[in-house]
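To begin, one chain is listed below as structure tokens, in the form predicted on its own.
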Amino acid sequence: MTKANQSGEIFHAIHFRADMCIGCSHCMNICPVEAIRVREGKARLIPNRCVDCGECYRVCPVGAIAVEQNDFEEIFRFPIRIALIPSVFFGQFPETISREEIVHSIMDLGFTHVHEVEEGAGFLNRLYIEYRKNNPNNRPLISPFCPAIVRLIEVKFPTLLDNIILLKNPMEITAMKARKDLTEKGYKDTEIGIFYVSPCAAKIVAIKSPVGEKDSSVSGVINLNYLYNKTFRLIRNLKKAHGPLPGPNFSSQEICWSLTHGETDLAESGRNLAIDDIKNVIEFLEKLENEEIKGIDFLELRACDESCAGGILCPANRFLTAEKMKKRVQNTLSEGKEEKKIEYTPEMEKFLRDHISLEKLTPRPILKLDDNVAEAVVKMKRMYELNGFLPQVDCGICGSPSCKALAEDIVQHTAELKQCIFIQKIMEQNEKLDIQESVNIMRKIWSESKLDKNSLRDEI
């Protein structure tokens, strides 16, 4: 279940800066779960609907949407400082910069250890195979890798929650193993700080407010774009000589786990599909929920186009990032380098298995009309009636993203039917609304500045 803070609000990594917002409605129109409204000329988030996919962040033209992260200086609170790096991070850099240069520079910034997230992918893939064998009648199984997708299913497709594989992701596996290794060497748990370098907002939420588990093994989160800029500047300006580093101790195929088809390429035989971009995922899940699609064994679903390479905090082009990651795999194979595998002692294997399961997931309904069932039924009927009155243009001028959303807002008493520009014109024709009242309604939605007639006095 998604955690809420003490005030009952659900945690989100996406934050709206009202002082910078110009009320352009780009974010409202792009949001795949209709979690944004415009009121008084500012974008406002409906927390219970948001899945932190970050689509709003992509389209904001003025930088009025921010993504939370820990202050970088927080890493120095810990004597042992581990950077947990996803493989997509290495794909941000020009091919002339080696993995060794990048890792050494990350350590020069203050980290004592660097682990790639994908170190945990091989172990997780083994457990996927076991999970499929132990759940033969639960199809399709859905990967829990993308936290935005898990939250999407929580709020929009709750009937599919039982299809999600209840296992933690490679990030948590790698973090648990790294922490366990160090505590066995004598370090105190409180001395170890593990910081994940996140390509997106949803993974930040997965650490700060995890679904299906009490706490994350990760201590904090660093914005991938922020660390990329710090690392790139260090490499470019210092060009410090370093000794060679050992290569990653996982197979080359696992490097691409976070790309589209990363999981399906390693999956068992069967009908396995990989779908990226949250709009495509929603369309597919709607068909799946309506039983229009059958016979699928496993679904790899990712919110971003090109999966983590397309994360909102990745500065490089997603297609070029994916190409560089695949080249890294090809180069490893063509050079004939021995494929390394992480060795798990029986004790470590047992530890990870004991801590890898997620708790049963519960729905977070996108639309809760009323706690009283009878009243909720009345509101639902009223909502359908209102939607029938509306023009189905979905213009957004009312400050809601669609006519259906406006009908929902009206029954929830957060909007009025008169906010629809078409209803306004009908009421004006029937002399039930004067022009000044129409203007006042629009001012309440879009602010005084957007309806300032003096600004156009010389143009009309």
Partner chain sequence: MHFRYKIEGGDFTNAGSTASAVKKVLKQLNIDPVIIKRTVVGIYEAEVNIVAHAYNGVIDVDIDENRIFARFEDAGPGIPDITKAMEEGYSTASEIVREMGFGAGMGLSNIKNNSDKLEIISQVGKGTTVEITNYFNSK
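Residue numbers count along the first chain shown, from 1. Take the two forms, superpose them, and find the largest set of C-alpha atoms that agree within 1.5 Å; that set is the rigid core. This structure is a prediction, so every number in the text was calculated from the model and none was measured.
As for the form predicted together with its partner chain, it is not shown, yet the points below apply to it.
Among residues of the shown chain, residue 373 is one whose heavy atoms approach its partner chain to within 4.5 Å in the predicted complex. In the predicted complex, none of the heavy atoms of residue 90 sits within 4.5 Å of a heavy atom of its partner chain.
The shortest heavy atom separation between residue 408 and its partner chain in the predicted complex is within 4.5 Å. Of the heavy atoms in residue 291, some are within 4.5 Å of its partner chain in the predicted complex.
Of the candidate stretches 81 to 89, 204 to 212, 67 to 75, 150 to 158, only 150 to 158 contains residues with a heavy atom within 4.5 Å of its partner chain in the predicted complex. A single residue from the set 107, 234, 369, 320 has any heavy atom within 4.5 angstroms of its partner chain in the predicted complex; that residue is 369. Contact with its partner chain in the predicted complex, judged by any heavy atom within 4.5 Å, is made by just one of 178, 383, 222, 314: 383. Relative to the superposed rigid core, the position of the CA of residue 374 differs between the shown form and the other one by 2 Å or more.
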